[in-house]
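We give structure tokens for two forms of one protein chain below, kept apart as structure 1 and structure 2.
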Structure 1
């Protein structure tokens, strides 16, 4: 069956592969990622060896999911704001300072920057694995099976469904501006871009109202339909999936007990 434009737009992050991770139920994968991230966050930055083990574990997950690193690398750019913030920590940090070339940096700030970058990168990589192995519909179903608040599930479903529609609308507006000779160069273009964003907000709001009225006309009663069969996940699947966050948790416990490299 040919892939429709709508399905392509809503599955930009999903990577179709045949792997055990792809075959796991979405709610199981969400819990695995959540547990692994909690273990990573609980690890002290000075335990460098622990973060190296985390990177090895994440790399093994990528191999198990048949996802090449060249697919993951561009998606890591989402953490760029964290990188900028981390680079400022050694400069404005307090406490003892160390000389790095011609500048002196805060020792505590260096450790904080390392911890922030390592934890953010690992968290993003785990999120990329989840997004690359879980389709949009399965992800929403996973949230339903985890018994998240209905309003949160509906907001997530609407966001992942229509974010690409809004982005495409912005691209059409950009092409229309360029066709009229507009060039976004310098502060002089900011008023026009601001008006364009305002117009985009109004269009998105009106589209949301039309979608809501269409849903009501089709019998929408305030609850999302159950899209999965609610099949019971075998115990063996739970145990195999739980081994991932358990490995992360063991490393985190050892890191807190043994301390960092100098501990």
Structure 2
């Protein structure tokens, strides 16, 4: 049955708190996360100490943002499909093998699996910090300040405004089907689900037309007026924010120079 979603999808993401990270402009935060994750991805998996430092840094960021770890933990589940892939790496990996208990596993595969899991987990945690400290309105504003083409900004703006409406509509349609005795068990239910999704598309499209005409009627010409008047970010804020990716980058550079294990 339609699962996974509470009715207010995007509001589950944002954790309203007072913190310095919440106060940072969204475009600064996006750049901070991007820079930090690039550093993480460029770190060789054999430098285990570097990853331990990364986890400490991420934990500190969570503390600074006043976000409890239990908010982050459930959202790590998005990596699950790749965890399966990672677990296969040591089994099917090439090169010299090491025996772990009763089985022999590929050494390179084990390192690759560890690297994959560590990097993906850190990436998800940093994305969660971004999402839980940034309201969707600020997020759209941030994309605009990053000079994303205006068409994409306005598409994103419409998307974050209407995602809850359309997802709720889908839940209402599901409930209506169930009320009529429908049960989605296997592929035999697909024609019905396909028709429902077709209807959902038409409803979403027609809603888009109505919303769009209503916006034009109120003077919309391709830009939301309130998004334009934002003060420039002071240099001190930029420097404070930059300290985060710089920390990650320093660790990454050291890890690449010293190498792993022995280093």
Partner chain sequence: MGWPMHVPDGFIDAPVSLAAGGVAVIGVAVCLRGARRSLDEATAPLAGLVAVFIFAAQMFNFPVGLGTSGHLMGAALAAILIGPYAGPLAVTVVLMIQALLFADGGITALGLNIINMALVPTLVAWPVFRLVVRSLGNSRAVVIGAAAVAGWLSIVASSLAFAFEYWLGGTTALDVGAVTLAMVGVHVVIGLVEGLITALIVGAVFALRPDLVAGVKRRRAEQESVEVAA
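Between two forms, the rigid core is defined as the largest C-alpha subset superposing within 1.5 Å. Here the structure is a predicted model, which is why all the values come from computation and not from measurement. Numbering follows the first chain given and starts at 1.
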Which of the two structures shown, 1 or 2, corresponds to the form predicted on its own?
1
After fitting the rigid core, is the C-alpha of residue 46 off by 2 Å or more between structure 1 and structure 2?
no
Indicate whether residue 194 shows a C-alpha shift of 2 Å or more between structure 1 and structure 2, with the rigid core used for the fit.
yes
For a quick test of reading the superposition: does residue 119 move by 2 Å or more at the CA between structure 1 and structure 2, rigid core aligned?
no
Per-residue C-alpha deviation between structure 1 and structure 2 [residue 161; rigid core superposition; Å]:
3.5
Upon rigid core superposition, what is the positional shift of the Cα of residue 207 between structure 1 and structure 2, expressed in Å to one decimal?
4.7
